[in-house]
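Only one chain is included here, represented as C-alpha cells and corresponding to the form predicted on its own.
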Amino acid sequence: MKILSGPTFISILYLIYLITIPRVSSSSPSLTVPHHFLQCLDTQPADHGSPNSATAVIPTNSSFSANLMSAVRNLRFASASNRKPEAIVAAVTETHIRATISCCKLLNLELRVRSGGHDYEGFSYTSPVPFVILDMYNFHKIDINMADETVWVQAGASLGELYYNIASKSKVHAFPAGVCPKVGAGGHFSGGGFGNLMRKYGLSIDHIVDAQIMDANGKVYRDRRSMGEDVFWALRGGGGGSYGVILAWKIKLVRVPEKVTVFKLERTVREGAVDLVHKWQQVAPVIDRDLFIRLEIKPINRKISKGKTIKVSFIGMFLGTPERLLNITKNKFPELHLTSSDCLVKKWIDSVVFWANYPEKAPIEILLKRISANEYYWKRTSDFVQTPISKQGLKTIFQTMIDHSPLPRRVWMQWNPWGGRMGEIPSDATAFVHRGGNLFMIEHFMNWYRPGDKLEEKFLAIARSFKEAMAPYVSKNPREAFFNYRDVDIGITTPGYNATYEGAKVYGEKYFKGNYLRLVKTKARFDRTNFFRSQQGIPVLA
C-alpha cells in the first residue's frame, strides 16, 4: 500500500477538516473564511523557510486596505458596498501562486489575478461572490537579450518599467504597446495592447513570440509548444485571465529612429475643427504608417463669449525628422497647418514621457513609478468606426457632447487611427479580431471626482446616454468593442460555473466576433472546470 506523506497528506487532512465547516456562499460568507484560507496556504507545498501565508493579508490585517487600494485605478469599485476579497496574496514565487489556486479550489473561492489594476470594470480586484486577489506586483522581472532583440517580461511589470529597461540598453529599440506607463503587462498584452506605434508595427501581441502560464492544476507551461498553439493563440488578444495565470511574456523588440517627432495642436469649432476632423478620417488611416495622429475631443467653455464649444487636440507621433513629417502633412493633410515650431524632437523614451502627459522636463525615471495617488471615478467604453462620419454627423456629435456635459464634468473621446500594419494582419492571426475594415477606434470617457451613489448614477446615465447617441456612427451587427476596455453594459454572465456558450455570446461576439467559438473550444480543453472565470470570461463549451 502506498503511504501518503508530506504536503499531500496534510492537504488531504485539511480537506477532510473543511468538510466539517460551512461552505462559502455568495449570500452569507463566513467570517472565518480568511483565516481558513491562511491555514490552507500553509498546508500546501512551500518554498524552504517561506510559509505561503506570509505572502497574504486578510481584512483583519492593518495593511489590508493599503494593499487593496494600491492598484485600484477606478474609485467606483472602492466603495463600502463593493465586496472585499477574503485575502490578497502578493506572490513572490510560483509556489505561492500554486498554493493560492489550490486553496481557492478547496474553499470554493473565485480567483482574481491583478497585474496593474487597470481593468475598466474592476474585474481584477472585485467580484460579486467570495474571492481572493492574486497580486502579481512582485512578478516584474525584465530580462533583455539584445543579441536576438527579445525580452522576457513578467506579468506584473508595468509598461513604464519595460520601456525604461529597453531604453537603458538601446536608443534605437522600442516595443509597440500603450501610452500609460502604469499599466501592467499581464492584462495589457493579453487583451491586445495598442499604442502609438500600431500603424507601423501593429499591436503588442503581434510581437509576442512566447509565453509562460500556470493552469488551474498548478502546472506551469514554460513555452508555447508545451501549452499548445491554440492556447498561445488565445492568450494573444483573448484575455489570459480566462485560461490561467500568465507568468511571463517573451516579446520581440522593434526598431525606431534615434530621434522621433511629436506634436500637439488644438483647434476649436470656430477654428475649423469640424472640417479638420472630417479630413482626419480620410487621411489618418492611410497616411504614411510612420505617422500616428490621435484626436482628443472635449467640450469646453468659450473663453470670450458665453456658452460651450468643442476643442479638438491633434496629438502626433512620427518615426522620423520634422522635415520629413512636414513634407508628408503638407502633401496629405495641409489643412492641419503643422509647422516646424509645433514639432518637438525627442528620443523615443522621452516621447513616452510626453505621451503619458508627464511634465515636459520630468526625468525618465518617472516611468518606474507604479502606484498613483490621484485616482478618481470613471466610466470608459469603446467603439469602432468603419465608415467616415459626415460633417453634419460630426456637428451633431459635437452638439450632443455639449448637451451631455455639465461642465466642469464632461463626456469626451479619443479617436485612434487604424490602417497601416493593422490592415495587413488577418483577423484570425491572433484572438484580437478588429483588424482591416476599421478606420479608427473610439474610447469614450466620463470622469468625476467625488464619491456618492447619486453622483455615480447621474454620471453613468450620462455616459450611457451619449454612448447610445453614437450608435448611428459606429460598427453594427455586432457593435464591436475592445476587450481591454471592458464594459458590463454590453452584457455579463451570472457569476459562477453556469456561464454558457450561448449566454456569453452577448459580449463574446462583440469582443471577438468570429474568433469567439475558437476561444471557447480552447477554454474547454485547457480549463475544463471553468476555474478561471468572471462576469465576462470565456465559458466552457458545454
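Don't overthink the numbering: it's just position in the shown sequence, from 1. Predicted model, so just to flag it, every value in this text is computed and none were measured.
Only in words, not in the display: the form predicted in complex with a small molecule, which the text now covers.
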Checked 287, 183, 101, 277 for heavy atoms within 4.5 Å of the small molecule in the predicted bound form; positive is 183
The single option of 201, 348, 123, 292 touching the small molecule in the predicted bound form, heavy atom within 4.5 Å:
123
Just to confirm the contact call: exactly one of 393-401, 321-329, 113-121, 357-365 touches the small molecule in the predicted bound form at a 4.5 Å heavy atom cutoff, so which is it?
113-121
193, 245 and 484 all contacting the small molecule in the predicted bound form, non-hydrogen atom within 4.5 Å:
yes
Touches the small molecule in the predicted bound form: residue 316 (any heavy atom, 4.5 Å)
no
With a 4.5 Å heavy atom cut-off, would you call residue 470 a contact of the small molecule in the predicted bound form?
no
I'd like to know if residue 224 sits close to the small molecule in the predicted bound form, meaning any non-hydrogen atom pair within 4.5 angstroms.
no
Answer with yes or no whether residue 92 is in contact with the small molecule in the predicted bound form, where contact means some heavy atom within 4.5 Å.
no
